[in-house]
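To begin, one chain is listed below as structure tokens, in the form predicted on its own.
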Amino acid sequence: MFKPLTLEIALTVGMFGIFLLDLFLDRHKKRVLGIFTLLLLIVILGISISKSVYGTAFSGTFVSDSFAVTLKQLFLIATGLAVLGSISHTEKLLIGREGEYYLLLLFSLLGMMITVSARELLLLFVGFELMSIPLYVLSGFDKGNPRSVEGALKIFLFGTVSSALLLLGIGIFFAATGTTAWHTTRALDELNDPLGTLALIILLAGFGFKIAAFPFQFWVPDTYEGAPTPFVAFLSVAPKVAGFGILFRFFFEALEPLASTWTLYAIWLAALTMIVGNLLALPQRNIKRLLAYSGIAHIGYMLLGLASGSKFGLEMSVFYFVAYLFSNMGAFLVAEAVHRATGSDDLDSYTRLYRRAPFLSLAMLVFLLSLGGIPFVIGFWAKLYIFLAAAEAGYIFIVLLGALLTVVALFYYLNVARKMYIDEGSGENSFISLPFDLSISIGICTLAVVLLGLYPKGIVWIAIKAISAFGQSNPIIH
């Protein structure tokens, strides 16, 4: 019964161990907490490769299939990169609070792992809350920064509204179907009536808050600007992938017979999210706010996989998750390094960066090219494949819109590159020294973006294997 919970149990035991270690460690020796947390994540990632973690529990309401395990592996990688990039940050700025920082990250990770395995709405809600509440706390962890407090308040307020909508949607879903579980039947005919349609709309709105899709994205730029940057790297990727994971499972497992209804909602949501994210990124002068709006635009691209209504669309969305994870986290980690050296997140602090930190400028250029979809880094294949999925589904207009907005995005991405390599402003000239933990984490992201861009076939195979958990026929591959 507990075999499908192997990863969650291992993480819980590890968290308890880190909690005890934090209690007994001397205040000035808590750097090792980050190292132990990283080792724990590596061990759990190794366990996830085993076939023994697959199965179902609790009468089928909790499933550990190829889709759930693949997403859990992405969560573990994202959390590991965030922990690695946070070691020197916590040692310098969070003295005495390192244990709380790492444990909150792990609690949020545990919630994500539960969320993507849930096949019942109440279990899903518990997982979402376990994922979200630590994020509210971590967003305001820099208590001396008024922007951090403001950002934490915004994510908390929007998060509580999201939770209320989810509960309301769950209640209406139960009223329409007589159940909160969707694994017992694929055709929920009861959702064809107005009450069922209302439940779908409210649930989609609740999920929209979690993934920061339009019009639920207002908390994102302020929260990203004020929160600790290594945490923002985690926040910008892992919770979004968790939200998409449950969206895909819910809509493709339970609501496939209603595809004509929910794909219509998804395609409009994707289009509006792409437009708003890209256009609002154009005037930004703060790198974290620019990446925040850029991230909103990428949510729109990912929604195209859902809107395509095909198994191929899901597979390419998983591929997109991998590309976005390394590209976006890498960009935020570079932003953390520049902020430590200059004390600023303004774009002017990147002037002549190639002279002050050649490795940082090259890494940031690679991440920006990937986010912009330039050949031949992994972000190029991600956008190409997701557009192909949408085109095969017949959404040519949305593909053309997405391609046009990709050109718009290149303007603000390459504006950062211009600052780093071309502008000769009156910025700092001192060489930037890079902490070891940040060097390793940025290096991993850079290598992943380049090497996976040169050989995307491996990630495509992983994506196909992940989506094999769904029984829907694939009109494109087959």
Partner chain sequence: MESLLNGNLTIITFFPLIGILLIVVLSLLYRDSEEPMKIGALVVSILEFIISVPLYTNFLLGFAGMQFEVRAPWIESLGVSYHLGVDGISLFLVLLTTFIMPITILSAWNAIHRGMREFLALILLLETALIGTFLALDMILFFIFWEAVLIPMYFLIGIWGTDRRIYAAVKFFIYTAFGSALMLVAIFYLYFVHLDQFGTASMDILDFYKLNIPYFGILSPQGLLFLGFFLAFAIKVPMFPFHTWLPDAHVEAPTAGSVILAGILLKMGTYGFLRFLLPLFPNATLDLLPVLSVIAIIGIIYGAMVAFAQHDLKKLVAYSSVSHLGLVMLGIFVLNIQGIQGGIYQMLNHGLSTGALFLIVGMIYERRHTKLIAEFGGISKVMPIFAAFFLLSTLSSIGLPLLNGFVGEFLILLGVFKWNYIYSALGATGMILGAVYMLWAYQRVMFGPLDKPENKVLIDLNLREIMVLLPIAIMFFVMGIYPKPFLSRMEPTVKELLKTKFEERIAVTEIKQPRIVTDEHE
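Positions refer to the first chain, counted from 1. Everything numeric in this text was worked out from a predicted model, so none of it was measured.
Heads up, the form predicted in complex with its partner chain isn't pictured, but that's what we're talking about next.
Contact with its partner chain, judged by heavy atoms within 4.5 Å in the predicted complex, is confined among 72-80, 346-354, 237-245, 264-272 to 346-354. The putative spot formed by I374, I396 and L410 is fully lined by its partner chain in the predicted complex; each residue has a non-hydrogen atom within 4.5 angstroms of it. Contact with its partner chain in the predicted complex, judged by any heavy atom within 4.5 Å, is made by just one of I201, L195, A403, L279: A403. The partner is absent here, but in the predicted complex a heavy atom of L414, alone among L414, L434, V450, L45, sits within 4.5 Å of its partner chain.
Contact annotation: G14 falls outside 4.5 Å of its partner chain in the predicted complex, judged by heavy atom distances. Contact check for V366: no non-hydrogen atom falls within 4.5 Å of its partner chain in the predicted complex. Taking the partner from elsewhere, I95 is found to have every heavy atom lying beyond 4.5 Å of its partner chain in the predicted complex.
Mapping the unseen interface onto this chain, F380 counts among the residues with a heavy atom inside 4.5 Å of its partner chain in the predicted complex.
Heavy atoms closer than or equal to 4.5 Å to its partner chain in the predicted complex belong, across 385-401, to the residues Y385, F387, L388, A391, E392, I396, V399, L400, ordered by sequence position.
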